[in-house]
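A lone chain, given as structure tokens: the form predicted alone.
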């Protein structure tokens, strides 16, 4: 970018180990993010392919502040376009999803085909020979913006940019392997909800990429040895910082003294119903937890057998929505499906684990209220964004800022 996104950017030194707190609080930054990131050269998660299985099926989504419609066209292709009538700007689709023959704007009944092309205008020829549109009005030149779409492992991504590289290049080959590892066959949706968080969207994505807070903030994780830094695992980060994947290997046997004296050392806690933690090693690689993210706002989780995708939707500088979709595989046995549903209680706004993630972003947002010229310290594990065979690192957080600064020109 030829011009920096903010006048204070000149005071932000090169490198990835300091993040000034004004980036989470400034309205100009939020405005520029919409243009440079959410409408820029990145792939954005929109929905699942199973959300639009048949011709005429559609699902609404968001790209930052921009509403989007994803639909299955007559030829079977998955397409997407801006959810905005070309006439006066009203939403075209008001529901989360459904099935239609075509789309009608409720305001003045402008009609669009399944690809978002303007197909007809009510009273285009007027009434009784009077009024109406000019004879030379060209409907092919008016309509919502169309997105490039790619379907990867059953996930639908879209972009407005012709410059966005192909998806595998965008996230890198190592992360592509990790994506395919989990989403290796047809999925089914087994639950959905939306969680509102009182923080800037970047704080949540940092949290997702922060690979060493999990066994400190989330005492449930450490207590029941779902993830501890003393367990094996590591983190991968794409060269461009766009994507990351962190993994935790199953806990070994014997005592673990690494957490002695820490808040996370809650050895006295027990589950009244330990069957909640029953799990099967369905991926056959000794990885019991994998978190994968793709810039700017997509997350894939595998915690034991609890699978979910999350979508970040900014709602101003200090608020965001987090859309959760819980997944199972179409060939799940009844026993495995029940296991997934039980384990689903680990994550989410009231989950045994990630309820803390929903709160801690708000703690930061409140803590930095008067610290706009101060900076966060991001030095755990060094100063680069390369992957490592440890999760005691902030490499993937630095990767996020590598991608963000490249888009924002700061």
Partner chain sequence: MLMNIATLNASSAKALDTGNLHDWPGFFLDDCLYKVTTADNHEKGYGAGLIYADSKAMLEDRVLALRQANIYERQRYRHILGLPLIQATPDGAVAVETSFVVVRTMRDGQMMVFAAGVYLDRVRRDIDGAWRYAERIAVCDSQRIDTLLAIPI
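Residue numbers count along the first chain shown, from 1. None of these values were measured; they are calculated from a predicted model.
Not pictured, yet referred to below: the form predicted together with its partner chain.
Across the options 293 to 301, 269 to 277, 166 to 174, 102 to 110, residues that bring heavy atoms within 4.5 Å of its partner chain in the model of the complex belong to 269 to 277.
Contact annotation for residue 189: at least one heavy atom lies within 4.5 Å of its partner chain in the model of the complex.
By the criterion of a heavy atom within 4.5 Å, residue 36 is excluded from the residues contacting its partner chain in the model of the complex.
By the criterion of a heavy atom within 4.5 Å, residue 194 is counted among the residues contacting its partner chain in the model of the complex. In the model of the complex, its partner chain sits within 4.5 Å of a heavy atom belonging to residue 220.
Only one of the listed residues (355, 62, 30, 368) places a non-hydrogen atom within 4.5 angstroms of its partner chain in the model of the complex, and that residue is 355.
Contacts between stretch 310 to 334 and its partner chain, counted in the model of the complex as any heavy atom lying within 4.5 Å, involve 315, 321, 326, listed in sequence order.
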